[in-house]
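A single chain, nothing else alongside it, follows as structure tokens in the form predicted on its own.
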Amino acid sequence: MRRKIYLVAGANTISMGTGRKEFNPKKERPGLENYIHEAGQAVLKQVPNPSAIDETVIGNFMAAVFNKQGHLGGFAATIDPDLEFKPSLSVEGACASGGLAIISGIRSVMAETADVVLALGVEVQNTVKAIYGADFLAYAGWFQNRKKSHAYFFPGQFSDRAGAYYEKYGFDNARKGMGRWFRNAIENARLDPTAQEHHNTATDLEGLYHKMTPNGKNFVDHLNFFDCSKVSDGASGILIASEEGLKKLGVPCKDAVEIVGFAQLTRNITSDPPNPLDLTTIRKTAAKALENAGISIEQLGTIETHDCFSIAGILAVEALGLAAPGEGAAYVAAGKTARDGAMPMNTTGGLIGWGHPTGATGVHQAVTIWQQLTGNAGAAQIKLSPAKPYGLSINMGGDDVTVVAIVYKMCDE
């Protein structure tokens, strides 16, 4: 990092969708512009001098089809009049769009074309029925293959990965780990009032999970509904700043986290994954981000990973090297990724528990790490060791096609 870069003033809207008591699909709900305004205002209200913001980057995947709206950079000025006639743009990389928004801001600050960048992520998906939404979300894959794929495209893709895992490492072994992943997601989401599963009061979550055996006649062959993230509406925002930018904002370092490394890699979207049992792009991107930060995975205090499906969580554990191939399910089943485990992961619920407004997810992950490393996570706060002052976020677009990995550190001051 040629320049010190910080994140500060993270904020989320509610992740809205089925599971929230307020959600009613038959009633009119907030639109894209409302979520952008709400998240942006929540960020600006946390800093003494929001006029110091130099530019805005908005991550979004599918507003053009879900909301019939493009040109999202033009919505920055609806957050605050001071943002009008300043640079603003939108970026897209499927479900990694939020992560791309953040690293776009980081690059502007490193290039010294800005001292403060507002990074937002937004998606409003509950505008169509789930089966049509699945077709839209399939645009994150190579759409030429759509006709020969499953009706639920991405559940089908990750169902295939789960099936390969069952075949090689055992169905019961895998499902035990995936059931524990689901339990962790819901228990953590209950601690965050903005989470989509915050109102979930089900008891014996693992027992509930195992009662629903995967059935290809009803859904996909190797996953059940509890293995999947839900359709979500929401937005998240955070500020990216240089040292001078923090001064301009009027924010002390103790309220910020430092970005000490990042990486963004992309594999060929027209090819099948090299190995269904390996999240190859996640493995390579995370390793590069940690190398750039000059740390090992053992120094991380917490990780936010892209668990669009529970099997993605298991495979990420293995891709990160926390467990050997085939041992990720047992690692999770033993509670090692729980909030009080050896490596707390997805402490506000991840995609399965907090929700997955696709373009916002990467920003939400950064907000969660910022909350944890600054002690601002409220009831979701975990106990962090001073010996492990780092956090890592992994935001994936498509089936391990575009990946953004960012390494964060508690501020030294």
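Sequential numbering from 1, following the sequence displayed. No experiment lies behind these values; they were computed from the predicted model shown.
What comes next is about the form predicted in complex with another copy of the chain, which does not appear here.
Enquirer: Quick one: find which of 349-357, 40-48, 54-62, 383-391 has residues within 4.5 Å of another copy of the chain in the predicted bound form by heavy atom distance.
Expert: Contact-bearing stretch, as computed: 54-62.
Enquirer: Suppose contact means a heavy atom within 4.5 Å; in the predicted bound form, does that hold for all of 23, 202 and 308 with another copy of the chain?
Expert: No.
Enquirer: Is residue 211 a contact residue for another copy of the chain in the predicted bound form, using a 4.5 Å heavy atom cut-off?
Expert: Output for residue 211 is no: heavy atoms all beyond 4.5 Å of another copy of the chain.
Enquirer: Heavy atom to heavy atom, is residue 267 within 4.5 Å of another copy of the chain in the predicted bound form?
Expert: Taking the distances in the predicted bound form, the answer for residue 267 is yes, it comes within 4.5 Å of another copy of the chain.
Enquirer: Just to confirm, residue 398 within 4.5 Å of another copy of the chain in the predicted bound form by heavy atoms?
Expert: Within the cut-off, so yes.
Enquirer: Using a 4.5 angstroms cut-off on non-hydrogen atoms, would residue 254 count as touching another copy of the chain in the predicted bound form?
Expert: No, residue 254 is distant from the partner.
Enquirer: Looking at 173, 149, 78, 299, which has any heavy atom no more than 4.5 Å from another copy of the chain in the predicted bound form?
Expert: Comparing distances to another copy of the chain in the predicted bound form, the residue within 4.5 Å is 78.
Enquirer: Considering another copy of the chain in the predicted bound form, which of 258, 115, 92, 192 comes within 4.5 Å of it through any heavy atom?
Expert: None of the other options qualify; the answer is 92.
Enquirer: What residues, if any, in 137-171 have a non-hydrogen atom within 4.5 angstroms of another copy of the chain in the predicted bound form?
Expert: Contacts from 137-171: 139, 140, 141, 142, 143, 144, 146.
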